[in-house]
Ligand code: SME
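Given as structure tokens, the chain that follows is alone and in the form predicted alone.
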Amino acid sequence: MEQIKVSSAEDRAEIYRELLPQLESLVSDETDFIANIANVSAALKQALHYVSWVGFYLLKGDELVVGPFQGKVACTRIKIGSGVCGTSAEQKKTLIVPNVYEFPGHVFCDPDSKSEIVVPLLKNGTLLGVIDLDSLEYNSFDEVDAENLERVAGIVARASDGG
């Protein structure tokens, strides 16, 4: 599969219903972790019209290092516990931030970003990294995103050769 197709529906649940099986198919025959997360970041950027940046930060020692992404140039390294990505990694839980300016210690990689969601990427309880999505609008992410991006993280982790 080399083409992602989702309807132009505004209903997020519908977008994810169409997208998730395609992501499963996209990574099912590929065991290379970097190849999978590169394609998944591109697919998410293509399908989610409200996202300005999407990508992966991978755990390397005690910090997250930028991996494949779609969007503006990103921060290269984020310490565990720092900013939204580092906090999500430290807590191993999804964080929805409606206004990044109100998040204590937010790391401003893109000054135009206004809201963010970060989902830990776990395999058998081991942290591999995080999936990070930003938006140029406030309040862009909700529980539908959280629930479905956690499914995306599971798809990627199951297909990974890491962890």
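Please read these numbers as outputs of a predicted model, since none were measured by experiment. From 1 onward, residues are counted along the sequence shown.
Beyond what is shown, the protein has a form predicted together with this ligand; the following relates to that form.
When you look in the predicted bound form, the only residue of I37, L44, C109, L26 with a non-hydrogen atom within 4.5 Å of this ligand is C109. For the candidate spot formed by W53, I78 and E116, every residue has a non-hydrogen atom within 4.5 angstroms of this ligand in the predicted bound form. Residue contact check for A89: none of its heavy atoms lie within 4.5 Å of this ligand in the predicted bound form. Contacts between stretch 113 to 150 and this ligand, counted in the predicted bound form as any heavy atom lying within 4.5 Å, involve E116, D132, D134, listed in sequence order.
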